[in-house]
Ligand code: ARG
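The chain that follows stands alone, in the form predicted on its own, written as structure tokens.
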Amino acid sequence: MRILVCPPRHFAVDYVINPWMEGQIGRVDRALAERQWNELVAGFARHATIEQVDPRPGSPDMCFTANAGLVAHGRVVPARFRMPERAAEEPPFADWFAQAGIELVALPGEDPFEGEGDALFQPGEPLLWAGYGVRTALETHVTLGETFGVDVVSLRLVDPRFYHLDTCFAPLPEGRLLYYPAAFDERSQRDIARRIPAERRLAVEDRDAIGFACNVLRIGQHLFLNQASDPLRAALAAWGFETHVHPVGEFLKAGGGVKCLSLLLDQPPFDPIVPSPPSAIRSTRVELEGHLLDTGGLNRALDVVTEAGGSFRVTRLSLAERKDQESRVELHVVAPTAERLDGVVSELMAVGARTPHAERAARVEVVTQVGVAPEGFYSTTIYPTEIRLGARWAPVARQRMDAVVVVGREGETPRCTLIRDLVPGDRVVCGVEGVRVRFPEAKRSGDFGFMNASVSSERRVESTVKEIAWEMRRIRDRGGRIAVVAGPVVVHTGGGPHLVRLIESGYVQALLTGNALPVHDIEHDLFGTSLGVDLARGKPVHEGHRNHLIAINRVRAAGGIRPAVESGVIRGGIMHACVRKRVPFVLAGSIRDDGPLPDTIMDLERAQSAYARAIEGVDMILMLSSMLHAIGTGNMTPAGVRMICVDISPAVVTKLADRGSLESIGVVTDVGLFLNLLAREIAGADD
């Protein structure tokens, strides 16, 4: 076996291009570094043939030869460094490869590739593990697979400390692996697990990972590395390996370890194959237009790509010259598979991106099994969507998130449909071709706007209530509809009478809740208690724990809430107001419900459908301290409906805000206080 090294004659930390270099500029002990390197290379030489490339002045990282290229079967794909600080290393390495008689295979385009640092063969197999996400571009993996005749498994690195694959990943013979799982995203971890069974994977602990224990040079059964804890050495010994610990602490200051200081010129033999599937990596072009910088739109789009496991390159950027003008950006987006790319593009469309494929007709597949969508179905968002059918764009009806689009016969309107409601023969849109999403642009900083997405703290409750009350009056006066999603906390905090005032004043057109709110509302009407606590005095009453059960029993005896109101069993409260003002209500049950009340829908699918029907055409939804019902309602609400989420828990409010609606507002406060302020504000304006 031959190994290429480069003496650290000019080694230093002169710049910062990775987290390890921070605070290390000018702090390298050159003499100590040379001693560490000499001892390491002497260890290599006892088991392999050493080749040297002369260091180049002004290239302090050239000693990290692993990044120079990827070599196998007499061919090399030379590096193209992402960081300009290392670009000067490329010519001397290329010259050395050419003089050594190794065939150079140049990468197409300008995408960066950092050699064996980001590409490691599984010993003896036509399999290449290739990293991306920090230094090497995903696009280069196609060329690597075709050049060396191997399948490529693309692994996305997510921890900047482990910026190269070889810093956290070491393939070993007999299908084994030494690695640090936390350096990879979840999809990559699943890909690793599919290829390497658990008994052949050795995951290192944090202390070994940060000591670059995975940065291993293997020569036969000898493993050379910077650090190995006793448990790790024992585990490797059980696999038949002899570990050789060579501390290279001076090189760690630059983010390099033992493997970084060595490049394999000979790989264990394997029979090349035709990569299957060839060129699994897919790419496309997307465009964004608008006030991308001052609204954060560009950052959102780039985050979507990286968080979904893709990579991007900005291929065109036209920045606005003035604040009132729009910017335009074109992105080249890449993902490891076609399925993954569709997912990335779908999420980009949800933040306003357009694709050149949008002008193609939508691809549809026919449902063959009840309640089962075809693979690759398009998953909808809250935003208005259009489907390309032949030469026309058709708007999608019943817009909601987490549904599929069903295309009917010619002339019929496409519609959002839940997967469970699909029947054989339904034609479902698959992929992202022929799909167009109308994403509303966020308000820019300093622009006037009402009900912009935000979360209000206690300090802003009163001013926020004024805005909400103003908007509720506008909706009522034009004949619009407001729905209320409420939890039992409304009753417990004394907010019931204030909600009654809103109902009686015509500000509520639908009430969505569970079994608990009406139970405690009726209990309060009958006994003045909620959960056995006298709300007027704030103290439990004797045998008050029975009161809610008595309330349930009396309503059941009457045949339901409406007959209980009409017969005089219920004389006041929220449910009484709903019946008297003809406000429809939907009660969705759960496993924890006492009783339940006869009106409570205990079938989950029926309850969800009833909720969806109740919010059709609403202009605003007040969500009052009911986490599950609020989130469930939010998921079936299209963009454009104004949502106000009030909860004492910031996590609940943030959860609703994160769904992406630009017309939502969150208020972190006691719901009883909020309803009191809101009722007073509305009453004052109506007087």
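Note that the structure is a prediction, hence the values are computed from the model and not measured. Just count from 1 along the sequence shown to find any residue number.
One more form of this protein should be noted, the form predicted together with arginine, which is absent from this view; the next part is about it.
Asks: Quick one: find which of 251-259, 493-501, 306-314, 469-477 has residues within 4.5 Å of arginine in the predicted bound form by heavy atom distance.
Replies: Residues of 251-259 come within 4.5 Å of the partner.
Asks: Decide whether residue 66 counts as a contact residue for arginine in the predicted bound form under a heavy atom distance cut-off of 4.5 Å.
Replies: Yes, residue 66 sits close enough to arginine in the predicted bound form that at least one of its heavy atoms falls within 4.5 Å.
Asks: At the 4.5 Å heavy atom threshold, is residue 163 in contact with arginine in the predicted bound form?
Replies: Yes, residue 163 is a contact residue.
Asks: Although arginine is absent from this view, report whether residue 117 comes within 4.5 Å of it in the predicted bound form, heavy atoms only.
Replies: So residue 117 counts as contacting arginine.
Asks: Can you tell me if residue 135 lies within 4.5 angstroms of arginine in the predicted bound form, counting non-hydrogen atoms only?
Replies: Contact with arginine, yes.
Asks: Please tell me whether the candidate spot formed by 363, 405 and 426 is one where all three residues come within 4.5 Å of arginine in the predicted bound form (heavy atoms).
Replies: Checking in the predicted bound form: none of 363, 405 and 426 is within 4.5 Å of arginine.
Asks: Can you work out which of 246, 562, 86, 340 has a heavy atom no more than 4.5 Å from arginine in the predicted bound form?
Replies: Comparing distances to arginine in the predicted bound form, the residue within 4.5 Å is 86.
Asks: To verify the annotation, which of these, 18, 24, 669, 676, has a non-hydrogen atom within 4.5 Å of arginine in the predicted bound form?
Replies: Contact with arginine in the predicted bound form is made by 18 alone.
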